[in-house]
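A single chain, nothing else alongside it, follows as structure tokens in the form predicted on its own.
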Amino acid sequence: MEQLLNKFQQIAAEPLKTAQYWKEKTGKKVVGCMGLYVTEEIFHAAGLLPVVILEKDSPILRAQAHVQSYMCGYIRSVTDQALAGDLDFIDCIISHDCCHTIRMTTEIIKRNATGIKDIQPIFLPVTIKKAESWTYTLQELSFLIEKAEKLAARSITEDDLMQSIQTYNKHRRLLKRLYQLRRDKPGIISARQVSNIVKASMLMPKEEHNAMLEPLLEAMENKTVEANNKIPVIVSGSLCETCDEYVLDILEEVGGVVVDDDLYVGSRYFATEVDESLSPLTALALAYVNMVPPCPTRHDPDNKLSDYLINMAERARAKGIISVIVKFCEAHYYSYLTFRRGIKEFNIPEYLIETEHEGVSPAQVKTRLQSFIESIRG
């Protein structure tokens, strides 16, 4: 079990290295998924490797001349990686236009990062419960199929798409088993280790990740965990990027234990399965329109974040909710106000932590989280 966890950690620590090695080994192309909700199954069906482009921990240097300092850390970091040449090995970047800032970033990269071979925005609908939204989603996914076929120099059949959907669904079910074990056995695995596992899944072929997950889950199912008096909590937030590991580490250091999460590099990535009984294109479009987790970047009045997190907390028997908002993420801040109003009627404590690419004091975060955990314990 420890050997597998260390392997996931190594992959997560060097996000681009695994994809570069895969490209050298196979001679096939890599597609970078920038932002949210790029339909990876389409590129997988073409024999390409879709990887999620994530924020990097290193200081932001080159992007300062192109991107304002009040943009979120994800935008500034991805722009910096593109300008530094870190993403040059990627054959095509698909940029989901999920906020105004990422739209601007796509154009900045296109104009200034000369090593980027191809960067293509896609425009999935924000308001999803309309007939027009359904039609438009089908059109955009059809465009992605054409793009993938051009990159791979081959056609994609319905059987290709269905096989990819089945591979990805298997992957989602394995990760859901991991999360169920975490709920059933609090403390069996740390929040950082879970983050590494999900992050690694974004950076490597799903078949390989599935093959690593299966023995890990078997080992976890046979492992017992001693009872402890830690406070079970869930963590929500960090759109587009990895939740800062120091937040997760501190939370567990001060007496909490993460029993579930609503993070992008977490349950959001695999929560929505694709219906295998429908035609592949229809099923992929429905998966976007009927996405399980409520998202601040989409308008769906029938799917409220407050209800979703309360149900998650009840299922995991959590006693508190930690909201993690990346500084300058407008969509999340607006959504958070509605969430706070909606959660007031439920008797569960909630606390907000703001993070930033640079300039956040872990000592202050520790003091605040310690106070929150102790208030629940008291």
Partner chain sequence: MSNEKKIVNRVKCTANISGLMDNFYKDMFDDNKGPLCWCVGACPYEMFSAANVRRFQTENHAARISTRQEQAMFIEVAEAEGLSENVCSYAKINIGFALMMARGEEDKIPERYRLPKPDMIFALNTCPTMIQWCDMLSDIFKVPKFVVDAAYIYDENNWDRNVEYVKSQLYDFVRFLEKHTGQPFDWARLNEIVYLMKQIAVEWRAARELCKNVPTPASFLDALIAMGPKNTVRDEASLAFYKDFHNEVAQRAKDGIGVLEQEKYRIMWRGNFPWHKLGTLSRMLAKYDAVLISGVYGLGTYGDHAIDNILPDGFDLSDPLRTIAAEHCCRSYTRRFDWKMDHEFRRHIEEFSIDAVIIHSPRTCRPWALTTYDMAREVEEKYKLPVLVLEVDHTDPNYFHDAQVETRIKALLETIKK
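Positions refer to the first chain, counted from 1. Bear in mind the structure is a predicted one, so any value in this text is a computation, not a measurement.
As for the form predicted together with its partner chain, it is not shown, yet the points below apply to it.
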| item | value |
| --- | --- |
| One residue of M71, A283, A152, I188 in contact with its partner chain, assessed in the predicted complex (non-hydrogen atom, 4.5 angstroms) | M71 |
| The unique member of S164, S195, S267, T101 whose heavy atoms fall within 4.5 Å of its partner chain in the predicted complex | T101 |
| Candidate site E132, K327 and R341: all three near its partner chain in the predicted complex by heavy atom within 4.5 Å | yes |
| Segment that reaches its partner chain in the predicted complex - one of 269-277, 140-148, 229-237, 204-212, heavy atoms within 4.5 Å | 140-148 |
| Proximity of V67 to its partner chain in the predicted complex, heavy atoms at 4.5 Å | yes |
| Heavy atom of D97 within 4.5 Å of its partner chain in the predicted complex | yes |
| 4.5 angstroms heavy atom contact with its partner chain in the predicted complex for I310 | no |
| is_contact(R172, its partner chain) in the predicted complex, heavy atom dist at most 4.5 Å | no |
| Any residue of 113-132 that, in the predicted complex, places a heavy atom within 4.5 Å of its partner chain | Q120, P121, I122, F123, P125, V126, T127, K130, E132 |
